[in-house]
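Provided below as structure tokens are two forms of one protein chain, presented individually as structure 1 and structure 2.
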Structure 1
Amino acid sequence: MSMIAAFYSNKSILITGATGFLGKVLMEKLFRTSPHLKVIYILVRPKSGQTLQERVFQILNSKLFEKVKEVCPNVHEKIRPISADLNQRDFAISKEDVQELLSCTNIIFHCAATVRFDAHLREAVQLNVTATQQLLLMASQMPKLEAFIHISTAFSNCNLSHIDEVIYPCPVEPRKIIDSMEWLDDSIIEEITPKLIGDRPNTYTYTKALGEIVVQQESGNLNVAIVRPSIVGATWQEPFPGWVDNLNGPSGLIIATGKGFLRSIKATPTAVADVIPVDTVVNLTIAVGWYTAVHRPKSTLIYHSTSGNLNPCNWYKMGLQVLATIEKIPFESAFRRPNADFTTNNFTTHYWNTVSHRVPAIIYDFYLRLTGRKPRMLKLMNRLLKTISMLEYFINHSWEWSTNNTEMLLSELSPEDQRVFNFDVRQLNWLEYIENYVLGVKKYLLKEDLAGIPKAKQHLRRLRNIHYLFNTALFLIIWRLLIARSQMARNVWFFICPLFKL
């Protein structure tokens, strides 16, 4: 019998960010391993034209929850959606709902955050810092609360090359940042943002670091722990391999690589691709909740959920496996899907020319106009280039994360708990995982039929030909200009031509 699964039985659990990728998988695992838990409260932002119950039905109706419905048929009765908006003071939760949360909650998993790298600092502070502060204040009023687990990111201190399981100080106190966001104009905030984030690449990593300091400073007597995952990818094992439902992390690159326009990417081949499967993060998070509640550590423990230090895989190896898988099952219909943001074909690791990506897109748009279809490639390519530019920092650097607390926790688990809540990334086979990841993107995210191979190959060949034709034309134009202007180029040309006659 799993001690961790037994611990969560009859518990009332609050999850923020439950409608997000990580939150869904967390909720699924809790229900599947502890079907007798009392209730899971989820904070849901009101959406026009859709009730809270309809939002819950939409979540439960996905393939992710198929196994849960078998072991917990009444799962829909155990999810209690709470109307809330993390952008509002006190989350705009009704007094009745607040009272229920305060009197009943046993465990909090704070997963909600903005993961947009280019988010305005005001928005990032509100969701990643202020909301954390307000949730801690609410948690301090919960008499039955046993543990508060905060999900951060392993990149919160990415300005360092070696990162320990500690909370690092920031030059400016989070409270001062929170206060300033309430009265500063957007233009002033934009002007001071580069100075505030310093050598961090974006507002996301900066505000997640501030959020950790808030947890440390304002947790009071609460039993608190912080989980820091790296790049969260598709499921490794549970509830089945390859499940993914968003374009974050490698998913966007995989879609791009499978579609025929992304010819190359600026990356360091030997840099570690610190991807961590979402179910690995979830298993660690659940185990951390149990350990924090039962053992009550005297200080806030940080747990790194990373792969690079225990089972590294570099971007070159990952790219080759992505290509190998895509060549066997080419993608075909993402262009017809309004929520498919990217399109591509080759994953290499060198500098690329922006023009050589945009011009083929323009040519293809012209072809679409001639055939009576709506042009969209240039728009997609511009979005892709912007996304890739934001990822460049993370695919050109490597970090070392200490995992002492994570390994300590693994040693504390019984053999049964190590099996049920496996977060030992050393067991991960990267080649199998990446293949399942690519298949999962095609099947679960793009919802494409794996049988449509011939049409997909024809589509890829057409895109390759456009790209090769453009590159050849560009080369000939540049070479002709060189011959006209450079005596050395003419000499090289006159030297080469006789060789072809042979």
Structure 2
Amino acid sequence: MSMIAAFYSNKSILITGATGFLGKVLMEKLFRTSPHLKVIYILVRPKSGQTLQERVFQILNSKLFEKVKEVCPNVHEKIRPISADLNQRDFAISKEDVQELLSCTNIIFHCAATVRFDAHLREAVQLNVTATQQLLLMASQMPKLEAFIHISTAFSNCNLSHIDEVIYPCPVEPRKIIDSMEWLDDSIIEEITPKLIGDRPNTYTYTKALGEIVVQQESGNLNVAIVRPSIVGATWQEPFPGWVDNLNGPSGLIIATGKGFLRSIKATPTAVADVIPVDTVVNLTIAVGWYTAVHRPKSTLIYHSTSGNLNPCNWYKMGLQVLATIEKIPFESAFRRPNADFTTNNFTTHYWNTVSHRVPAIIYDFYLRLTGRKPRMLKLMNRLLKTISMLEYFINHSWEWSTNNTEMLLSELSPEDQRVFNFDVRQLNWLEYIENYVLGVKKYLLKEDLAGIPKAKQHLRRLRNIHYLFNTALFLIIWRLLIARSQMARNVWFFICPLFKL
């Protein structure tokens, strides 16, 4: 029997961000390995016109939770959605719910955050700093609380090239930032944001770093730990390989590549692609909750959930495997034949963005107009290029993260726990993982049936023929124009004609 699984039996757990990518997998794993846990409280806000119940129903009836329903048939009775909005003071949680949370909670996993790179600083501070501060205040009033696990990011200190499992200071105290958000108007905040974030690329990484300092400064006597995942990708093994449910990180770019939108991206091919499977992050997080509660370390421990120093893969290898898999398992209705490459300097990036992205989009929009349809391709391409410009920072830098605490924790686990809560990324086979990731993007993000592969391949053959025809026609038009204007071209033309019986 797994000691960690047994630890969570009869426990009351609070997960923030449980409706997110990481939160869903965390909830699924807890229910599947500790079906006798008492309750999982999840802070949920109404979204896209769905009520709390509808959102929970949708999650529990998703493919991700299929196995849970076998081992924990009454899972719907053990999940307790609590209406909350982290944007509001006190999270807009009812007094009754607050009382229940304060009196019953044993473990907190704080996953909620805004992960948008372009979030306004006010929004990012509210969600990634102030909300963390407020949750810590709530936690300090929980008599039964055994551990508070804060999910940060390995990129919170991405302005450094070597990052240890420690909390680094920020130039401005979080409390001063939180207070200034109370009275500064948006335009002034926008003006000072570049100065505040300094050499960090966006408000996301900056506010995640501030959130860590708040955990350090405001945890009081709480038993806290911080987990820092790098680029969280699809599941490696459980509950099944390749599961992913959002466009963040590599997923969106895999789609853009497979659909033929993305033809080039500025990357450093040899840079470490520090992707970490979401189930690996979750296994580490659950083990951290157990270790923090049972062993009660004297200080706040930071755990890096990264792959680069233990089992490195680079962007070149990842990109090649993405393309190879798409070749074998194409996506349906591609705009163009998938074919992408990395650029390594700004000039070629701008050149290929014009030639391979914007000009084809303009031509296609012209075709849409001719056929009486609304042009949309250039707008979509520009949004994709904006997205890529925000992601490029992370694929043109390499970082070294130490993983002493994570490796220490792995050594503390029994063989059974190492099997059940496997976060040993050294066992990861990258080619297999990337293939399953692309397959998962097709099945779980694009909702494409594998039975459609022959049709998708036929569509690609058609696109190839159209591509050849277009290039041939373009060549002939240019050549005819040249012949009309150049004696040299005429001489060459009349020389080669008999050779090829033209």
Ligand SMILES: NC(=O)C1=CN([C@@H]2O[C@H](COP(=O)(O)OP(=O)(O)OC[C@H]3O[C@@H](n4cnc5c(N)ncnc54)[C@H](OP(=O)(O)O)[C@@H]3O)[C@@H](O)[C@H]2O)C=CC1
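Please note that residue numbering is based on structure 1, beginning with 1 at the start of its sequence. Small disclaimer: the values here were computed from a predicted structure and weren't measured. We call the rigid core the largest set of C-alpha positions that still match within 1.5 Å between the two forms.
Between the two chain copies, the one drawn from the form predicted together with the named molecule is structure 2. The rigid-core alignment places the CA of Lys38 less than 2 Å apart between the two structures. Core-superposed comparison between the two structures: the CA of Lys63 stays below a 2 Å shift.
On rigid-core superposition between the two structures, the C-alpha of Gly49 is found to move 4.5 angstrom.
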